[in-house]
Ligand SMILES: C[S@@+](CC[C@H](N)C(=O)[O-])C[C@H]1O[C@@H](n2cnc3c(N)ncnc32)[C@H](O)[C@@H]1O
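Read the single chain below, which is given as structure tokens and is the form predicted on its own.
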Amino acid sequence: MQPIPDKSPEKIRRMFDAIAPWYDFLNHFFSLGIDRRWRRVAVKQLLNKTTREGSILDVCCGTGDLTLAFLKQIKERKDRKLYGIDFSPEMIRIGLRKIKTYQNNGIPVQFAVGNALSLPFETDCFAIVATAFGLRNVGNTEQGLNEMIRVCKPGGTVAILEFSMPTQPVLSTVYRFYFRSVLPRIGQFLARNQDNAYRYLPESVLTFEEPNELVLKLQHLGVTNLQTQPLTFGIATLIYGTKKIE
């Protein structure tokens, strides 16, 4: 069994601060740009499924790609505000620059440095609480999910977009080889850092919970109407559901 990678707060913050300048480029490079489509599909689905007006929170937002995807697809304000929160100050700094260069439709956007295990927001205040490719970096998955659910309004949507293992055997073998052997070498060569981030990142994917395990956790924490949507042969999976109305 593969050991769980170190997810101590100090290491995670230092590692993502170090690779922040290369983060967007390498994400798009390694996924051949498909990660952009995954976010667009996720956002469209979540906006279609959520009838409640209100604000949206992007947890573990990184450089803000999911926040931007929401911003580009929201057609009406409907009292919307967008918030992004991440543990890495350097990631947030880049996200702020990206938002400033995008001419939005008047919807306020706010980024802040914060901890997914203790979100600095009141209970029941967001219509949508989502995370994309960040939950696996949180030291305690269940606590992170519990915080996402806490700040979501009853009847609102909680969503996770995350890498997953393809079920097709040949594709799964190629995928694991790529993640374990190709990605770490190229990533570390281009974005040199003392924590070997591009070895940690594939390890964090390969050791993270499967979608069915996340569904069970969400059910246990009070999320209903759960649905899963595999993307690109199951390389990524969107999981979303509704916070129970008491």
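The first residue of the shown sequence is 1; numbering continues from there. None of these values were measured; they are calculated from a predicted model.
Separately, the form predicted together with this ligand exists; it is not shown, and the next lines address it.
Undergrad: What stretch, of 209-217, 41-49, 176-184, 56-64, brings heavy atoms to within 4.5 Å of this ligand in the predicted complex?
TA: Stretch with heavy atoms near the partner: 56-64.
Undergrad: Is it true that 12, 87 and 116 each have at least one non-hydrogen atom within 4.5 Å of this ligand in the predicted complex?
TA: Result yes, every residue of the spot touches this ligand.
Undergrad: So which of 159, 91, 152, 145 reaches within 4.5 angstroms of this ligand in the predicted complex, heavy atom to heavy atom?
TA: Going through each option in turn, the one that passes is 91.
Undergrad: Using a 4.5 angstroms cut-off on non-hydrogen atoms, would residue 22 count as touching this ligand in the predicted complex?
TA: No, residue 22 is distant from the partner.
Undergrad: Using a 4.5 Å heavy atom cut-off, state whether residue 31 contacts this ligand in the predicted complex.
TA: No, residue 31 sits far enough from this ligand in the predicted complex that none of its heavy atoms falls within 4.5 Å.
Undergrad: Is residue 95 close enough to this ligand in the predicted complex to count, meaning some heavy atom within 4.5 Å?
TA: Although this ligand is absent here, residue 95 would stay clear of it in the predicted complex, with no heavy atoms inside 4.5 Å.
Undergrad: Check whether residue 111 has any heavy atom within 4.5 Å of a heavy atom of this ligand in the predicted complex, and answer yes or no.
TA: Taking the distances in the predicted complex, the answer for residue 111 is no, it never comes within 4.5 Å of this ligand.
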